[in-house]
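In the structure tokens that follow, a single protein chain appears in two forms: structure 1, then structure 2.
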Structure 1
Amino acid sequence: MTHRNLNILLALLTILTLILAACAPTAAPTEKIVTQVVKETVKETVVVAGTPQVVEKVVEKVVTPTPEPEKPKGTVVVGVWQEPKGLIWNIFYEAHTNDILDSMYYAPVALNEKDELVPEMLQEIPTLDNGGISADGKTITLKFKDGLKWHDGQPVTSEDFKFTWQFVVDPNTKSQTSIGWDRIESVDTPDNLTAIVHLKEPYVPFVAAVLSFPVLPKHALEGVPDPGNSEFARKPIGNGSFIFQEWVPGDHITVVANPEAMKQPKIEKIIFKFVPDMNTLVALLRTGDVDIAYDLRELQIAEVLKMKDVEPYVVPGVAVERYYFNLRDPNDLTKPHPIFSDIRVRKAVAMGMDRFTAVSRILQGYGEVAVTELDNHPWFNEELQPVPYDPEAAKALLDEAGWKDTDGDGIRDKDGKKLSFTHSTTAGNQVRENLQVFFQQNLKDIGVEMVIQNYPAATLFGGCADNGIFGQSKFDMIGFTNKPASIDLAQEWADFFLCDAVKNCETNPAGTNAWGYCNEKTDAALKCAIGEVDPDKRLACIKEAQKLIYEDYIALYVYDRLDVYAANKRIGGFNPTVFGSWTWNFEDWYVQE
């Protein structure tokens, strides 16, 4: 190397050091910067005659202006029809409670506007490729972002994550849900920002399902005797974009912008106002007292369209209204169902209900005829088409199955038994009842009697001990809507169909497969959907399971409900998505005056 080249190298090094040194003082991103020329004393390493020396020298530099961060301003009022029972997500687990908590808590992972999983508290999403998930699927490494703080100023650490797991699975917590968390064997915390999760068995929904729940503060909740009845449950300490301000029972919850939030909100305050009556809520929307309403009914869209200051938002739903066939005799669960154990009858009943007309007339076109439980989900099996309305084919199937009207009363019979079954859903729901009456007529046309027998929700969904209809499988056909709790719904979906989940009050009182469905092939496909680490193989299993369930006619998927929201036109940035709901981007909301 020549002397000249060495000089150039040294000069470059000097410049580099200078730049690095100059950068240091402006590193803090929250600092307010205005255009100015700053005189600074900079320590510089200068190489004089081969030996490096540190000298101090005054430099002038122009600091480029960044746009001044706007102070959050304005208040948004959200009309909430159901008041939370408490503000700890796992103890008071309900969708509308989690909606409110979303404003106060970040989660390790979150969804973006395209419903893609993005890191929120984590530096990156753990995957097989980046080594975050081990090849056997049993170890998951979480790297948290630095600088996250609880609202009381304490740092958020990996210990908090570990504590959240212990808190959720501790029976003394009286946690409602522990789904997914109970798969954790242990959590290591080698440093403040790293948590290594060891699972008991591969559980693929972990990242999307479990990590989308908030982490709880260890320092505030550890050792609290009855957390559900503690001060924390009414006055939570979060780490998210908004800080809890007040909760007036029966009236409202207020949260205010967190000046130190990772994602800076644009509005100053959100008031969650409890309005139990839907009609009153719509009136408040119209007067402008309430800015945002959610969970509106499909038939209210027309009403909202008439308001000049309010805009409806309609998102294709993942809540699917469905009717399950009971495969077991409701009077003696050890015997097969006298009517529905024959797949031909199930298929005929499914084909005999005109869901297409029902959706266009009863729902006035607000909704779509459903295909499977995973409609509008990225995992949907496109091969499948909605069960057609085909009364002729239905009649042929029933004839083939031996159900014929021998006594001329218009209802088919076989061996002295009439082709008559009861249909049960929650009482008092106008849309559901209209659908029932419509389908009842459809079925009468093909010689099938459908008897409507509805129950209040508490009885319909009641368990074994209380003569629950669902709990004791005391139905022929049961109708309800299920909305998956997270985008990775493999587990909750599988629980409706797995053989181990077949409900039996003596041997498996906690099962959720109340219809007694058990098919080895479906079972294998569903287990693969839960445990297969390879994403492509897993997707293939999910599509396979969908097809098997569809072809077994175990349920009739009636229609996909729409998610209907309304927002005053002065609110900007309100952008509900299919899975992220309306709560994924509180920070983007703003008020136009």
Structure 2
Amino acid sequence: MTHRNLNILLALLTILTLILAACAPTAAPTEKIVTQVVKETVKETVVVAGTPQVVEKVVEKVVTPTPEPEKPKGTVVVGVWQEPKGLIWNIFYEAHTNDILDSMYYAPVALNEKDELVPEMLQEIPTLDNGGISADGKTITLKFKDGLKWHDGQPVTSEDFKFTWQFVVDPNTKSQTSIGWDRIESVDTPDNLTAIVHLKEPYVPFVAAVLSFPVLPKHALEGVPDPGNSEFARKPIGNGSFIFQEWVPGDHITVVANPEAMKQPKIEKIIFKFVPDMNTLVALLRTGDVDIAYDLRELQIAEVLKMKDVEPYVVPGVAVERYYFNLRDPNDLTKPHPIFSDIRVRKAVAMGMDRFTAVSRILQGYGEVAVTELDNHPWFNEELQPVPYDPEAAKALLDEAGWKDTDGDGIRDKDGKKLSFTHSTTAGNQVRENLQVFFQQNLKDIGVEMVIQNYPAATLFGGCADNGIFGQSKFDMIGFTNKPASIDLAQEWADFFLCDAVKNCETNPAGTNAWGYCNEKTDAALKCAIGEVDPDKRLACIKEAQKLIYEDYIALYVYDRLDVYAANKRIGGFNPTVFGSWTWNFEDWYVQE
């Protein structure tokens, strides 16, 4: 571990310790069991004068009654500052949507409070040792638990898993992502509780990544012609601890406790309340109209600390705020981007943004200037350093690339085209918007115009099915935070940069490489990162891929984020973790009266 990573970790842990010292929730209330001594008349056989006879007598008996299971009680209101467009995870693949779906669905595997992989729908985690994974890594046997049911009463079977794979990779579904599922060649279902997965080639993240996604009901979705616009997308049938109850557009989604849940919830109802922006979310938290807020920013820690009935939860995470350059013309994806297809321009823009001052002033020191996608992780390539802020070097690169201010308006031009591009991120996020304004001025100083064009999250991250900005690659530069979908970071990270993951609504709607990046050397390193079973060789490939992506300036990594949450003190069992986030244990939440 470098001094940089160690210092970050120590600083984060210090913050966490100070904030959480008095924040540990009390234990869930338990029902008092009363032990009683009762008198009871019993009959017994005795021998009187050599003759057996039955007599009655009164005895005292200690009775400890078995208590009735405590029924779920109480309502928790969660503030969600972006409304979903639909509730099918692979079509509307966006963080806020998936967070809500976590309450309604179980997955084959899940995470515990230590971020350890544990079986949820499965009887056990498939491994090489238990025979669940074949020696060549290409066959994975899944044994599902018996008795699992969909919320409409139908049994959950191995056929549902097989259908989910077929549904995700079907082009007609218009999935926003098919990460890992597209590595499956076939699935056998010898019985209702067994699925044998045959992979095209070894895919190391399969168990940790693919099996962490929900299984979908075959009987409810099979044959649906346009699932993204179906009734199911608005009224999903799940199999988890909570059942979908209602969706009031513009206001909230409500889920209620599932009485037949494998993991019985302690609360009766969760209301996911939509709010327009982060400031409104914090205000509702302060007034008590919202019990839980997530995806808060570092600057709001101080605000939450001032709230009498609210506790902050700060988790040192692996999320990185980043900006991606589009290498394709957003108006015609068959053509190179008129500005960013030149690496000299990408490098100049990266070097023209003063992230060091931004972290110090805008973030008030919360966070660290980022280097790569894998900062603060054992896989981080320690040879790499943050891209420097060097406006003079940036100007020289732009001069070399032929971009000069020929008309004296302060904006460089070339062949009659201005050096102007749009920058898009989620609307209503004050920190992101403040960063945009700051970087906009930085770039103006080197003769580059950055036009801010933001969208609601559901629109920004929308796929081909709902004309999303990300899905259609309709951006010049896009900014967001990526929090890996599993504990194996190579899974989603690789699909951001693999050639065969380049997104195209006509030919590859489920691709996640929306920026159109393709480099043969990077491709080889990434394929090794997800397919090499030898840990040392795999790590070498991961570090090589980091280096190649870094040198290609396809992305500018802005800063390493803290995961910031807040919960009303009346809510117990709320326990966010690095990878499980705040949604891993909905069933453990309870309301303290």
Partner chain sequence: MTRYIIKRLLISIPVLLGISLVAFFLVQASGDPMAVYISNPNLSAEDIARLEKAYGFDKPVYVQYFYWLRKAIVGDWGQSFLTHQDVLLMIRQRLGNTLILMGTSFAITLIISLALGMYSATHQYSPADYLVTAFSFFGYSMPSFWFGLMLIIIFAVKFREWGLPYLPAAGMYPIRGEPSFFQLIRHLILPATVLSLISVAKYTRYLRSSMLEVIGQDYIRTARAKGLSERVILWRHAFKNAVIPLLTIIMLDIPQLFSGALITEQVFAWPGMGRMYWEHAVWIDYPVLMGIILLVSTLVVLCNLLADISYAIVDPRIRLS
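Throughout, residue numbering runs from 1 along the sequence of structure 1. Superpose the two forms; the largest set of C-alphas matching within 1.5 Å is the rigid core. Source: prediction; values computed, not measured.
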Pair member that is the form predicted on its own: 2
I want to check Pro312: does it shift between the two structures by 2 Å or more at the Cα, with the core superposed? no
Using a rigid core superposition, assess whether Ala358 undergoes a CA shift of 2 Å or more between the two structures. yes
Please state how many degrees the smaller rigid part turns against the larger between the two structures. 34
Once both forms sit on the same core, give the Cα displacement of Pro535 between the two structures in angstrom. 5.4
Cα displacement of Ala494 between the two structures, core-superposed (Å): 3.7
